[in-house]
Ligand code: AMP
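Here's a solo chain for you in structure tokens, the form predicted on its own.
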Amino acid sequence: MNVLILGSGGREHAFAWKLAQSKKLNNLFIAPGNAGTAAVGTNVEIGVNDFDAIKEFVLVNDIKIVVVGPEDPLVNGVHDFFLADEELKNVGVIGPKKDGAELEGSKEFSKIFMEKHGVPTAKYQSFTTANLEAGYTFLESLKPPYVLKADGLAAGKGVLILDDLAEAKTELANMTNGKFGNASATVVIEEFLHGIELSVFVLTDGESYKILPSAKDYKRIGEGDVGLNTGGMGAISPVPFADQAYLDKVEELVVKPTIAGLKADGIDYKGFIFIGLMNDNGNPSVVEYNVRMGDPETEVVIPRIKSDLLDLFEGVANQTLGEKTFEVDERTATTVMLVSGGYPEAYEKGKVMTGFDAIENSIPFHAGTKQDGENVVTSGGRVLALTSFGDTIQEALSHSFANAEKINFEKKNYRKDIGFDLV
């Protein structure tokens, strides 16, 4: 069958790399894709939110399944667009409709959902300019650090964690007054959760589900987890402390009530659920939901799936996922992300990349690259994810780090301590 992936990052390259291995695949297209996806499929110059152009391409190229990588088109209703169109309604879309996408599109919605369906999470309240004084009072009732979250999508920048009460009050006012545009017109303040973060990923057809491998990513730019937040500097899978007993607890306390809650609320959910968890002495608590796979977690999770990913996606589309076999590679996978100098602040693009031919024992997933004539050049802050396997975290990381030295571009940067807290 013919498949279209929407997106242009490392997550989409990982999907494309895996789908290209399927015996069920005829033609693979990626819109808009990057220099890496071009090696395993055909890139198409269409934006992820250009629904009319997507429709025309799907019809002309007899696309049977559309895999939606990023959250933006899901929150904007791309799945609903397909279902409402007579010519598109039978095309399988991997990603929830607009109502399900609210789990990520609105922090307030997701907190209400968790509270309603008994999913463990931090206590919270929501505030706008209309009730700022109540927000200040709620902040005074909490212990630092204070967590302020923009309700809507803010390109990954809408969460502030502050130690000073006065600063938290000031930022609450700033946020509700448009610091992050309409995204922070409503601000969710929640209790700070202590523990170690990890992510669990679920693929569901609305009835049954598969729990994908767990992963832990590293958001801060600096070694030792210091400095500014990024889109992710690396990831490890599996997470050593997330043994089967812990994952069984996650399934009972989080996954099952989430799937049951979606059904109870009449939300027909087909796609990925990314569950960001805090592990507090063996007790899982949900930090957030995302309605797509994470990046760079996808680059360690997808390579560990031994099953045919297209077969699984077909099960999601046809609501036969429960009948599909699901196997996982027991080895450890690690990803180290190469980023542009200056990222996550101002950085330069268009830097020529070399060294790809020297890579051994790693899979290079392109995140922010493009083809420029005969050269591959940088086109984003996060440039390349190097994923490696090993029997231990250290063994896998040794391959990723060795190859990080072989890839060269001006002002290249990467963290040399990925997995430092797990080894």
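Heads up: residue numbers just count along the shown sequence, starting at 1. What you are looking at is a predicted structure, and each value in this text was computed from that prediction instead of being measured.
Although not depicted, the form predicted together with the ligand is the subject of the following passage.
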query: The ligand contact at K219 in the model of the complex, heavy atom, 4.5 Å; finding: yes
query: Contact of D80 with the ligand in the model of the complex (heavy atom, 4.5 Å); finding: no
query: Contact flag, Y136 vs the ligand in the model of the complex, heavy atom cut 4.5 Å; finding: no
query: F192, heavy atom within 4.5 angstroms of the ligand in the model of the complex; finding: yes
query: The ligand in the model of the complex: contacting segment from 180-188, 264-272, 93-101, 156-164, heavy atom within 4.5 Å; finding: 156-164
query: Selected contact from V250, M278, V202, L310, since only one has a non-hydrogen atom within 4.5 angstroms of the ligand in the model of the complex; finding: M278
query: One residue of E314, E288, E171, D72 in contact with the ligand, assessed in the model of the complex (non-hydrogen atom, 4.5 angstroms); finding: E288
query: Those residues of 114-147 which, in the model of the complex, come within 4.5 Å of the ligand by heavy atom; finding: A122, V147
